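This document opens with one chain alone, in structure tokens, the form predicted alone.
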């Protein structure tokens, strides 16, 4: 992964083309957009690798509608303002469909460009409810469940499995993190029996989280529920442990994967997170994992499988529609069934995935292991 970082981290915004030598000019252009540099790059790189390997498999079988797939990639650093520039460039370069973006805020911002250009956007990781439930993103689909599903699972687990009575809801003020904690608050309020003793946002990327840790300590929270990503969470977790604040810690898919344990080390032990259901028993999942290990010398990252499935879905819809034109492609997306490494999946009338969901994981011996 370090070598990969050296390639992609040369600029905040970069464009690369992945296409096998000798491809004809008449190709289907698919773009992948997400964080390829910065703190959240592990998420974007894992998704890109999934898309890239799916493209390789699709091209080996003749491409899409008999045309080879040409893969474009854009780095948005998970920043909305950069994502708009990335989207503009991808559309200008002729992208006909897009996998991305990784972060919800960047996805919402970028989709203003894709929607106006009549381009299908499918994300392997953006979970913000508004992307599918608001009706403002009719061109958007995703291969991961939404934050509402995570909020239901997280709050139910906190009350009925962890048996906590006092919860501090902390977030990074972003579309993903804040939106997630607002949903969690609404669920706790509805179910009753759990007091929200603190609801507060922090500045992402801060060097010192002493102030929020002190507030958590004074609140007597039995559980800190975090809305945001692993980079900030790892710092807060370490400080909570070092200050001997006796509280559990739980987040959603923004802290799931190897990134948080790698950053927080021993302090990550016992941390809970929700993440995509474990589909490692799926034969296709197993085969792709082995292929990834052989190619990159490491296990796949958090959104490798959902990224592969996203690209699969686009190809399946195009074949069903018999064209890559927007209206026909969009209609086909609601009708397809995809035999993916996640199992058999499809999409509902809002664009949310059908056939997948979330599970609860806990860090034990340095790795997340499923507990619910």
Partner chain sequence: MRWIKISLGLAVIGIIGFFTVRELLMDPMYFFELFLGGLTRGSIYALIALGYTMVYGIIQLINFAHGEIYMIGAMTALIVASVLGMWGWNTAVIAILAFVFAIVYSCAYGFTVEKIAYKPLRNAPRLSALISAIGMSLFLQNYVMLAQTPDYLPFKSLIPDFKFWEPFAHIITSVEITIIITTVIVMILLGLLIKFTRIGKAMRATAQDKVMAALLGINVNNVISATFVVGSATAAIGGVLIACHVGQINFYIGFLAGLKAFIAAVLGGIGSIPGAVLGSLVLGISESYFTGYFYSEYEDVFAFTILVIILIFRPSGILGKHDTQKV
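If you're wondering where the values come from, they're calculated on a predicted model, not measured in any experiment. Positions refer to the first chain, counted from 1.
Keep in mind the form predicted in complex with its partner chain is missing from the figure; the text below concerns it.
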- Testing 134-142, 183-191, 165-173, 287-295 against its partner chain in the predicted complex with a 4.5 Å heavy atom criterion leaves exactly one stretch, namely 165-173
- Message: Please tell me whether the candidate spot formed by 42, 211 and 263 is one where all three residues come within 4.5 Å of its partner chain in the predicted complex (heavy atoms).
- Response: yes
- Task: Would you mind picking the one in 280, 277, 203, 160 that has a heavy atom within 4.5 Å of its partner chain in the predicted complex?
- Result: 203
- Query: Is there a non-hydrogen atom of residue 96 within 4.5 angstroms of a non-hydrogen atom of its partner chain in the predicted complex?
  - Reply: no
- Message: I'd like to know if residue 215 sits close to its partner chain in the predicted complex, meaning any non-hydrogen atom pair within 4.5 angstroms.
- Response: yes
- Query: Does its partner chain come within 4.5 Å of any heavy atom of residue 343 in the predicted complex?
  - Reply: no
- With a 4.5 Å heavy atom cut-off, would you call residue 38 a contact of its partner chain in the predicted complex? yes
- From first to last in sequence, which residues of 233-256 have any non-hydrogen atom within 4.5 angstroms of its partner chain in the predicted complex? 234, 235, 238, 239, 242, 243, 244
